[in-house]
Structures are given as structure tokens and as C-alpha cells.
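Below, in C-alpha cells: the form predicted on its own, a single chain.
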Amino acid sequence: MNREWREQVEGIRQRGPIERTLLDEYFDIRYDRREFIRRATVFGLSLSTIAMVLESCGTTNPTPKVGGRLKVGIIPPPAHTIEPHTFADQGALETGSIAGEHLIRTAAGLQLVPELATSWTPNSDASSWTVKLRSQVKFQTGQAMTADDVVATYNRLVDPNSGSQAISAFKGSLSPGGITKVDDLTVKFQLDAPTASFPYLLSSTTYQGIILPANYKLGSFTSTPQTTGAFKITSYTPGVGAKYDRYNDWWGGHAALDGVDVTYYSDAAAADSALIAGTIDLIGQIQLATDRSLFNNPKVQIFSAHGATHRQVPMRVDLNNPLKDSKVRQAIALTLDRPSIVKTLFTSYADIGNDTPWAPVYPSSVGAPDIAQRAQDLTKAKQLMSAAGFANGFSITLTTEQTGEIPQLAQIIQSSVKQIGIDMKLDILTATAYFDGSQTGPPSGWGNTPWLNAPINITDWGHRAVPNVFLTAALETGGVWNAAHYSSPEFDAAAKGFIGAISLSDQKKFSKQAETILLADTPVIFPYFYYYLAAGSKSVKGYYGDPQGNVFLSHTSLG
């Protein structure tokens, strides 16, 4: 590094403690180039600054073929109405993501890419973030996007009375009144507590955060094209499908496709047959367990992305039944042969879980040897059952949904716990029925929806670029999606420390504390984290698998 280069780098270090920590950790070889890029984008370092540090160069992409309509299959249909701030299921997420855009987009490798925001800058402790917006962006109504629209969108997202499912991401970080307009193209987010990874919460990983006009009317998303994306929704029929046309005034230029036609499928086999027959071109999300006919098929290409998509098996800690005892919950977890489960359900497309939300894809994951991997141990499981007073077992019903490989996982758990005397009945509902009912979240309770109230269940959870949502929504006291109804002040403190930590070493310190607590309490089993998978015909070009499951088509074409 020559003198001029050293002076430039030192200038970056002097900007503040966040920049200093990033560069010091990088130059100390605590993480590689990819991880530096990821972390630098989190804290809003410009692309030119990152390039200067890495002395890297850009790449070019081939010009796509223009024209044609992409036919997309979505499994399953949306469980509820298409209202972005209420999105809580895969069908709704995929449907909205074709038209909607976010302030930031999460790309491959957990990197953050400017979308409707051009930059994001924290204060010294990451308790306040200033976001600059892209100029000359028009909604599909023709009106210009300004800070007023972003403030209105985020006020709805953090309003506890709006029905927003994004509170799962923002609770404890951002509250009503924390979003203010600085000028027409600048928004300030004043946080409840320091949140080092806050830009991820502003990104497409919080899939409810589609930016909408300030005068948006609830219930009009599918009847009035009014997002900023490359495609505008022109028709929507619940349970049947949706249509989108190219938006010619898109700020990003001219999308290659003329439009998109979506068909909803409740049955994976029907969608697979349609893809192989050429009736559709792309399936937004598939699983090995239900879509095996697509793998190694010469007509099909598989899109994959390493992520943190997983299934949670929450066990209610607040009911007067055997699951109230942590020894019983540990015993159930110890019956699972995780390597065998992963091999059976995913072959090589999944990572083994360790009953915490820290997937191996996260740089902050601790893992062995600091945290030992939980393995099947029937002897210890039986000892724990005896110590809890249930040597002869008990009966219980596991409630879950007919989605992906979940029914097979339910059967595996049923067979596994039988070895320690537990008679487990299975109640497998349609996804619509499983997520039906009110989902109000604390303090008024968890509504009456089956997925938040059954004694033990299995729920599908999408990828997040950082584990914050899993911590705040699923595990922290009063979490809006805390299906175990778990409460631990010690865990809450460790989670808060993790979320606010700027340095990777501090993140690992707090994650180790939190993981240790969760393994002792075992409110939720995390059996595996599987790769995002999609499937398309060989004519689909420029599509990439988004670990979250968003269907991003502005750079996709038919070749």
C-alpha cells in the first residue's frame, strides 16, 4: 500500500468508530473480501470507497433479449388478501415482490444493493440512520416518490394497530414517531436502541416494506398499479392468478419482459408438470421433498441460494402440560437424527440446525467448538423424561401445515419421539387454515390463529439476511410471532446486545451467550436451514434465486 493509498484509507478510518472498526477488522484478516463488502454495505460505505479499499473492478452483463411474457407458478396461493404490510406467507410475498420495490435490496452473499435508497449513513453508535432517496422515481400512478411516501409507508409498518407483520422485524428497533422527513429526498430513522444491522431491516429481507404512495388506500394494492417496480399488477384473482405488465417509466430503465403471468398452485406436482410441459416458465420456490421430478430433468434449470430458510418447531412453555418443563423439550430435541433428516429431505441442499436461529450462512454464527452441535442421544433423552416425571411418556398433538416437506418432517418427529414414549398425533392443515384467524401479537395475546397457539407445531420461516427477526419476533419476550410464548430476560439481554453490536467479535460474543441460553431452554427446535430453490425452463435468462423468496424479474428475460 503506497503513501497516497494509506492516507486515503486513514481518512476513511477517521470518519468515525464504525468505519474504523470495519477497516481494522478487515486488515487484521478477521474476515475475507466478501465479508468486508457485505459489512461495508450494511454501514453505508459507498461503492467507490469499497472499491478503493479492495482495489477491485466491476463486471459487465450481456444485453438480454427483449420481449415475451414470463409465466410463473407460485406455490401455495396467498393465504390472505394482498396487502404488503400484512404479508406473512410465501404466496403473498412472491405475488407482491414482482411489482414492489424496497429502499434497499439484499443480493447474493448477504450484500446490500441500493434500490429506492442511494445511501444510508449511521451516527456514531448506529442508533440513528440517515437515508438518501433516489431522485426521479415515479410510482405507477405517475406521481413522484418523495420522503413523504417513505415516512407514510414506514409509519404503517411500525404501527402496532395497523395489522403490520413487519413489527416482527422492527419491534425494539423502530417505533412510531421514529421516522422523519429531513427534505424531499432524505429520511431519518431514529431508533429505539442501537441497531448495527438496521439497513438489512430496510431491505427486501423485510418483505412487507414495499414503498407505496403516501395517499395509498388500504385494500387497493391489486386494483390500482401503484408501486415503483419494473412491472405493474393489472389483474388479480384470489386462488387463481395475477397478471403484470411492463412499467415503461420505471426508474431503472426498460425491463426485457413485456409482462408476467402468475398461476397459483396448491399442489406441487401440478406445478412441476406444468413446468416440464412448458405451460409455465418458472416456479418461484420448490423443495426437494415435493419437487424431485424437476431435479436432473434436462428441460429444467435449478436456481439455488445458500440462506437461512428453515422450519421452526415451537413448544409452548406456558401451558400446564409436559412441554412446560425444559427437560421434556430437550428430550424431544435429542430424539432427532439431524444428519439423517437433512439427507432424507434435502440431500445436499441444507445445513444441520442446532436449535438456535444462527444459521451457518451468518458470519456471526458461533458453532463448534464454542457451541457443540446437538446430536441424537436417546439415552439422555430418556433420562431427562424420567427426571421430569414422564418416564412412561405422554400424548400430545402436533399441528402444522401442508407446505413443502413439512408433513414428512412431522412424520419423522412423530416417529422419533415415540422412542421415548411420546404418543404424538398429527393435525396437518392447509396453509390457509394454519395461518387463519387473528394474529394480533402481544400485549393483547397471539390472536386465535393455529400457528401461534398450538402446544407444538411446525412453521415455515423464510430467509433473513441477519437473524434479528428470528430473535425479536420468534424468541424475545412478547415477540409478535413467538409461537412458543417463550420469555427469558437473560436471552432478551443477549439478543439486544447482539443487535446493537458493531464489531463482528462482539456479535459473536453475544450470539454465544444467546445460543447457550436457547440450548438450555429449548423453546424452539431448529432442525435445519435449507437452501432456497427455484426452477425454470432453460429459456429463462438473468434470474437469480433470492434466499428470501422474492421473485425479482426486472433483469430477467426469455432467451
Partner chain sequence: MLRFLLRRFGLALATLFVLSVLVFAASQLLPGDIGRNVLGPFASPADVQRLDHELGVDRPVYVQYLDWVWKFIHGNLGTSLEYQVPVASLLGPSLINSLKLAAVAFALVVPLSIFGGVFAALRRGRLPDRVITLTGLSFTAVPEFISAIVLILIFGVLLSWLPVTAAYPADADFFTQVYYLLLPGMALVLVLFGYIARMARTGTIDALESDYTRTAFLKGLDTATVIRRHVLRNSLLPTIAVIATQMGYLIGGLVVIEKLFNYNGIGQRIYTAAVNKDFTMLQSGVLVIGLVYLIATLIADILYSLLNPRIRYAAAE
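Note that this is a predicted model, so its numbers are computed, not measured. Here the rigid core means the biggest group of C-alpha atoms that line up within 1.5 Å when the two forms are laid on top of each other. Numbering follows the first chain given and starts at 1.
We do not show the form predicted together with the partner chain, though everything after this point is about it.
In the model of the complex, no residue of the candidate spot (P213, A256 and S554) has a heavy atom lying within 4.5 Å of the partner chain.
Put simply, G239 is close to the partner chain in the model of the complex: some heavy atom of it is within 4.5 Å.
Contact annotation: A372 falls outside 4.5 Å of the partner chain in the model of the complex, judged by heavy atom distances. Contact annotation for P84: none of its heavy atoms lies within 4.5 Å of the partner chain in the model of the complex. Of the heavy atoms in D125, none are within 4.5 Å of the partner chain in the model of the complex.
Checked against the partner chain in the model of the complex, the candidates S266, Q190, Q419, S135 yield a single residue with a heavy atom inside 4.5 Å, and that residue is S266. A single residue from the set W481, F346, F139, Y247 has any heavy atom within 4.5 angstroms of the partner chain in the model of the complex; that residue is W481. Stretch 267 to 275 is the contacting one of 98 to 106, 198 to 206, 410 to 418, 267 to 275, since its residues have non-hydrogen atoms within 4.5 Å of the partner chain in the model of the complex. Shown without its partner, the chain has P78, A79, H80, T81 in segment 73 to 98 as residues with a non-hydrogen atom within 4.5 angstroms of the partner chain in the model of the complex. A193 is not among the residues whose C-alpha shifts by 2 Å or more between the shown form and the other one once the rigid core is aligned; its shift stays under 2 Å. Here G252 does not count as shifted, since its C-alpha moves by less than 2 Å between the shown form and the other one after the core is aligned.
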